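Form predicted alone, single chain, as structure tokens, below.
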Amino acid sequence: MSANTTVAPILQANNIEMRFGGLIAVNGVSLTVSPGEIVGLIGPNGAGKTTFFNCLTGMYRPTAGGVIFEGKPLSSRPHLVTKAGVARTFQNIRLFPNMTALENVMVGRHTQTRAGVLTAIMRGPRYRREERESTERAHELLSFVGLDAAWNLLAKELPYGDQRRLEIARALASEPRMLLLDEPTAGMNPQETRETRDLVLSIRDQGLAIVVIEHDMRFVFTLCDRVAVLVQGELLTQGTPDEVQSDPRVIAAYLGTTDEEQS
């Protein structure tokens, strides 16, 4: 594991609050992520993890607080968040089922292309060049995640684990500097989980910062440099994997026991 804590954070989420009517789903959560760091976000079901992700990526506009990315306020509009350098996957896979694996990844390249509508319609030189570059890069990313042989298969024809990897490839197609993964091993068998762990480490080795929501504690504690725990919309604690997994409050939150029962 490697975390660079000597430089300014790439991401700062400051006192994020998200209300839905009278319900407070996220209550004053702050989190920093350093370049090249893998941060795990864990907590019981309903703890607010995905809602917090949605606030970071513009799916929700926080009721209070803000997000700083690379020293600048991050927009609350998803396409501008992606353009700024933050990409994500989703808890429920969101692929285009009737497009090929290659086409799905090429869709993720939209923030990297500049050809206008007229150029695209006329299929001018700039459009053809960008189309060629996007195709080459999509093949590279499919190879990186282990799916290059499946480039011409429809997304819906791929096994579940491959669909998960395809979604990661599509996220990487926007050339992000930070990647948010929402339950990347959900529904996977142990072998697929190990392969996903290796893939995430390879992505980090390319210089990306990563935040991952996951319920598989073995996956989180063997992968992450730091782990943050949300409980009922609030940040309970954060620290190294060893610190977090030995914290009685974390044990109580997952087992549903009280501090008195733990003592």
Ligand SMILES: Nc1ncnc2c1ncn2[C@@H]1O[C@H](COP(=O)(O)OP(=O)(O)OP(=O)(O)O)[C@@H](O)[C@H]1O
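Position 1 is the first residue in the sequence shown; the rest follow in order. In this text the structure is predicted, and so the values were computed from the model without any measurement.
Just so you know, the form predicted together with the named molecule exists too; it's not on screen, but the next bit is about it.
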Legend entry - Contact of residue 45 with the named molecule in the model of the complex (heavy atom, 4.5 Å): yes
Inset, instruction - Answer yes if any heavy atom of residue 60 is within 4.5 Å of a heavy atom of the named molecule in the model of the complex; otherwise answer no. - result: yes
Inset, instruction - Find out whether any non-hydrogen atom of residue 183 is located within 4.5 angstroms of the named molecule in the model of the complex, and reply yes or no. - result: yes
Legend entry - Residue contact check: residue 51 to the named molecule in the model of the complex, 4.5 Å heavy atom: yes
Legend entry - Interface stretch in the model of the complex with the named molecule - options 22-30, 234-242, 197-205, 219-227, non-hydrogen atom within 4.5 Å: 22-30
Inset, instruction - Let me know the one among 91, 143, 76, 135 whose heavy atoms come within 4.5 Å of the named molecule in the model of the complex, would you? - result: 91
Legend entry - Neighbours of the named molecule in the model of the complex among 203-222 [non-hydrogen atom within 4.5 angstroms]: 215
